[in-house]
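We begin with a single chain expressed as structure tokens, specifically the form predicted on its own.
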Amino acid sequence: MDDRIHQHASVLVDWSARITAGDNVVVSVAEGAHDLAVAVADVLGERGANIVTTYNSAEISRAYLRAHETGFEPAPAHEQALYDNADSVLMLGGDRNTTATADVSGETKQAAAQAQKQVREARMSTDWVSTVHPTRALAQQAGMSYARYQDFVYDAILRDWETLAEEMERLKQRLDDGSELRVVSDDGKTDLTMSIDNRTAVNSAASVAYDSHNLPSGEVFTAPVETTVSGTVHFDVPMMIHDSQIRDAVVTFEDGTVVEYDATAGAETLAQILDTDPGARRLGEVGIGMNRGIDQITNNILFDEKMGDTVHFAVGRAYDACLPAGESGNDSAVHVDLITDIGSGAQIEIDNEVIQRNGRFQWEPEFDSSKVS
């Protein structure tokens, strides 16, 4: 077995999930993630944790969803109890077919997502971490050879997370101290403004100790005041969502709500997402990518949203970690990220001050302080 798989497992258990002896851990294993699951089980055994494994197969999900003819009932109590009694949930992705559920209707997927809402909330109340094991299907989706894709994945995951966390803390502090955030491009296709007043940004350094739940990570994100989002954003990074590709989506917000949208590909999928519930038409997150170990788009949100020189916006659910105590953020059964490239001809402003231009931050030597009007 590739030694990098064992390193991946150790980073996941020790840095990301911070698992210790006696912890109850649920490990969700995708079809192609067997080798990573074996390595994770080995590390968990060494740490003295308790393990329950579940099998997460897209092909099994497809069979069930296509055969289901009646409305979905809420998830059963035993499934809820599994997560209610878990300390950590490790989700090991690794599809063998990245479009396995492409022929399941959007309506069916929406109904299933609604039925799983309570279980999803219980799972997200644990110290959960999502990661991915490189598979040939994911390599093909990314347009890479399998060997190149393995190198790409481990370059993104096996990083000096403590050093990156220190850099990202600088951006977190700027967001925490700011009141208004604007993302604008030179070509005028993107100009989106929102309030971030009284919000707390998350330094997503791939560890639950930082309120971060993805490995790899490398982003700083916050939750806008959803009713304040105004303007238009061009999502020029293609994304595979619900087994369909969304390309060149343009979304316009007024008073926090999506009022217009279109895409050159995947417009129907985008419409289904936005029609899930009222909260799906509002922004729940804005995230700024800072992981420069991720150097190309792969059609996998786990990597692409963390890529340096990008900003992503998620329609749907807001994360409680970004909100003041006692305040409820945007609520939705979905949380779907879309990405825009700001590596050239774009900037991020906080309270009218440019803090990133052409993908470089104020504290970097290459920073360009020029400002789009």
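Quantities reported herein were computed from a predicted structural model and do not represent experimental measurements. We number the residues from 1 along the sequence you see.
Not on display, but discussed next: the form predicted together with another copy of the chain.
Stretch 44-52 is the answer when you ask which of 323-331, 44-52, 306-314, 343-351 has residues with heavy atoms within 4.5 Å of another copy of the chain in the predicted complex. When another copy of the chain is considered in the predicted complex, only one residue from 163, 85, 105, 264 comes within 4.5 Å through any heavy atom, namely 85. Listed residues 259, 209, 271, 81 were compared with another copy of the chain in the predicted complex; 81 is the one with a heavy atom within 4.5 Å. In the predicted complex, another copy of the chain sits within 4.5 Å of a heavy atom of residue 29.
Put simply, residue 24 is close to another copy of the chain in the predicted complex: some heavy atom of it is within 4.5 Å.
In the predicted complex, another copy of the chain lies farther than 4.5 Å from every heavy atom of residue 182. For residue 120, no non-hydrogen atom is located within 4.5 Å of another copy of the chain in the predicted complex, even though that partner is not displayed. Within 4.5 Å of another copy of the chain in the predicted complex, a heavy atom is found for not a single one of 254, 281 and 299.
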